[in-house]
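Presented as structure tokens, the chain that follows is alone, the form predicted on its own.
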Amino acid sequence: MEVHPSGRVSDLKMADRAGLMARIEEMAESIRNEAGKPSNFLVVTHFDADGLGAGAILCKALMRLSVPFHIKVAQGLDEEILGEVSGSRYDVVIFNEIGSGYLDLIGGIDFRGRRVMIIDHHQTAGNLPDGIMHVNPHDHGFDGSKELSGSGIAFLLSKALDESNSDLAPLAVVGALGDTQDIGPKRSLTGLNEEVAQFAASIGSLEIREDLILYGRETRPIHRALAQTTSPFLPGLTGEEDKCLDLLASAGIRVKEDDKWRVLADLDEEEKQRLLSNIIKHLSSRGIGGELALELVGKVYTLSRERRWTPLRDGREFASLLNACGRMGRPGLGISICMGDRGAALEEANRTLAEYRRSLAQCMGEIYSNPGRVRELREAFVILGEGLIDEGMTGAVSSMLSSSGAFNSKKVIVVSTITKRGEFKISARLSDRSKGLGINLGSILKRLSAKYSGQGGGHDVAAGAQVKMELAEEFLRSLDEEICEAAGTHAS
């Protein structure tokens, strides 16, 4: 019987857990052996918050093994990137939080005798090439989109390497929050993610409690925290500080104490209730159900060893900062922060975050104000982002739209744009109402992208793909048909 550090008995399937942990230990032993030769390591990781957190966790563990390493951040894998990896001078290549959806592509690369490992949590697609070590929770009965993030499995590997890496547990929580895996009751983490969070709490590096969830809840003036909240996206409030000030005034909530701006932590319980009630009224006036506002109440994960009044203290705010760094082309800055860099690096990261949020607000404002940007298919809404949405931002915009309730529909949200290479790129998300319909976006996009000579895949609820621009229209028609079939409807 498995018992948490907190004393709670685990309800996870022991056989599945035992198999996963055995594979993790096998990979840890292989890394220790390579480190003893010694070998040069290359870590290839994903560019989103979970990927940067996972990359930092693994690199911190390698640093503690005193082995030379380099980290490469990628939006996805293709023949060009894999060719660069194949031609590099490294002895060991670890694909971290990326790779499981590209097994056939990886299998076609000559790695020239290098030791190649894949540790990932995305859905597996293709056949595992001979000689490559692969660890993925899906292979052991755990859902990598809900129960274990990429940062989480990187932490389990790092902890298996050495118990001294236990202090990296909070980063795994940040990664899971960045991957929006807080899907349990009251926006809590579940499965192995929850076990990692409970472990972090047991060693005093994390506090977990229920409260209002606003961006910058400990560091921003109340009106600014409300305006900068994007998960969920609050139409008419997110990105609108003046409207947020009006709402607070109508709720009778003082925004200043003497000359000091008040933060969410300064509010008493009665003020928080008034704030929530007025947000519900605001959304109702726009025809949006009040249940969206209730998503603001839930589990808050505080990194208790981080300095107060910084964005690194709140888990979700930390994750937002990492997302900004990755999607604004500054992934190295995010990894540096995760590995302990502060001072000037944190100031630069905060500037990057501010720029990222301005870009997101601009995109969302244009989408809401310009119906021509939205194309309705039978089972999907396609947001046409050419000239507006950067290729690194499609996932963030699709996630915000899927959680905003703006379309109030069971249809899938698809955000499209054109990449710098001139390819057609989409990021797709299941809306809250489309979850449970049997639609597996990762599987659909993996299959379709291969059919159209592109690349794609991901999780069941969140996935992406890229194909040649001239195939975009046909690709979207096929995607709509596949979603219709999966949802049990029929395309006309």
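No experiment lies behind these values; they were computed from the predicted model shown. For every residue, the number given is its place in the sequence shown, counted from 1.
Below, we turn to the form predicted in complex with a small molecule, even though it does not appear here.
Checked against the small molecule in the predicted complex, the candidates Phe95, Phe318, Tyr301, Tyr102 yield a single residue with a heavy atom inside 4.5 Å, and that residue is Tyr102. This chain is drawn without the small molecule; in the predicted complex, the residue among Pro331, Gly395, Pro137, Pro170 with a heavy atom within 4.5 Å of it is Gly395. By the 4.5 Å heavy atom rule, the three marked residues Pro232, Lys411 and Val414 all fail to count as contacting the small molecule in the predicted complex. Heavy atoms within 4.5 Å of the small molecule in the predicted complex map, among the stretches 51-59, 452-460, 23-31, 37-45, onto 452-460 alone. Among heavy atoms of Asn440, none comes within 4.5 Å of the small molecule in the predicted complex. Contact check for Gln466: a heavy atom falls within 4.5 Å of the small molecule in the predicted complex.
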